[in-house]
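So here's one chain in two forms, each on its own in structure tokens, numbered structure 1 and structure 2.
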Structure 1
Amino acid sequence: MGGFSQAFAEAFVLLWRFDAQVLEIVLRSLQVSSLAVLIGTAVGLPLGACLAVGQFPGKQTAAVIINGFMGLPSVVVGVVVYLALSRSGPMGEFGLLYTPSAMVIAQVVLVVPLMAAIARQVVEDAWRNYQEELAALRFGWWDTVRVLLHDCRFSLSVAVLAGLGRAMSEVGAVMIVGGNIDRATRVMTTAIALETSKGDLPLAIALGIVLLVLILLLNAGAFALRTTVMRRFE
């Protein structure tokens, strides 16, 4: 297959030339997805911790639902957010459809269940270990949540990275709510879909390689940060 070697060559050229258009698309991907993950972190991690620590009827059901929502198809999220943001929809007056804000909203919906589910598992495991100590300190459930979130912050970085990975790699939702508008809402994944539909498969794979390199760099950065910070605390 000559296609693959051609794709790698094109990817190398794209990275080497620092193509302005590709750079713009990469930056937009990063902005949209990091904003979505930031909001996802603020909502998803406390939500997961509450599900782990809280004692309420239907707790098991809630955990199953959150875990199930990890597999939510992004295209379904796209359609639902589209209907909500459409001019004829409940939030139509804000005119958010086909803007980067719409893409952030859709990605938040996608990453919150994933991040909450991972956080719930991580925090629950920690809680099992410290349950007696925390009870002895007469911590209320909210204080318990806060302490455990802080205590698990290094393990929880996995949840953040998983959220970032999902946000940056999904295409179904951002395609529908963003519209893949050139210079406005085109991100890495929608650009890849567009090149595929033009039959320019080498360029599509080249952009895919750029995306993969980017996600690997982010993960490597997070790993390095985590290692240095942990060393300082030990």
Structure 2
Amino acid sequence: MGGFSQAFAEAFVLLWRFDAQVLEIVLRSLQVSSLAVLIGTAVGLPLGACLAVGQFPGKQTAAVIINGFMGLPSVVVGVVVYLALSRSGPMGEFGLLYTPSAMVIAQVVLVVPLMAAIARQVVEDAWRNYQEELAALRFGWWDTVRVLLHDCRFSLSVAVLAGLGRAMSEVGAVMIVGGNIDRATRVMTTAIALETSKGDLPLAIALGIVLLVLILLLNAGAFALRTTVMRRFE
């Protein structure tokens, strides 16, 4: 019990002193996940909106696939991205394996289906309400998608926050493609796993506290946005 208390005490000391190693790992995690979510937003939200508005053969099948990919195992994504970026893979010539760029790619693959599935549902609900008005205005397919994305921007912010939470809490894929290299590709989740296995509990606990606080803040932000949107349309 004494060792447990001491580990927590040392972890809080690291946080209080803004330990350089903790700060470096946290900043790298935020950089990688933020870039992945930025790319995921640019791809996932329009993709979800197109699935909601578009009329084409296989639309329901595509929606089922997107929903199914929301639960993609991160280790499977890691292996696929690893094979694509390895020297013998189709993207091996770029030398991206074991770099932050590889971690961003893996996280993009994970967050795009999640964001697209949420966007599809949100935009589909709005499309049912505005379909007649948009048809009367003779809006084209892409104009309709653009207008609905703008109209649903507050609700879609929840999808962005959900994607960021998914990216930041992921460990399997970034461990495989990033290699968990010190001062290069080590992020919060991979550092926690490594330091726990090494027995360096204070650092693992400090990073765990930061990660938990960030995830709680994201969930609080998503809840606040959802509440604001619901009140707006009451």
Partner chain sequence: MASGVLKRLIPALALSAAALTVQAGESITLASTTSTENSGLFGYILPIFEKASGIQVNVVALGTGQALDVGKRGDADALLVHDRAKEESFVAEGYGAYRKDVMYNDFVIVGPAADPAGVAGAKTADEAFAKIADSGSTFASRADRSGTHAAELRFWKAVGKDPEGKPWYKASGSGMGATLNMAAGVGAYTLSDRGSWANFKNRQDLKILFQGDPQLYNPYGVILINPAKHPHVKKAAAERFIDWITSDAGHQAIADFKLNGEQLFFPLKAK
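Source: prediction; values computed, not measured. FYI, numbering is relative to structure 1, first residue = 1. Here the rigid core means the biggest group of C-alpha atoms that line up within 1.5 Å when the two forms are laid on top of each other.
Comparing the two isolated copies of the chain, the first one is the form predicted together with its partner chain.
Relative to the superposed rigid core, the position of the CA of residue 11 differs between structure 1 and structure 2 by 2 Å or more. Note on residue 216: its Cα is shifted 3.1 Å between structure 1 and structure 2, core used for superposition.
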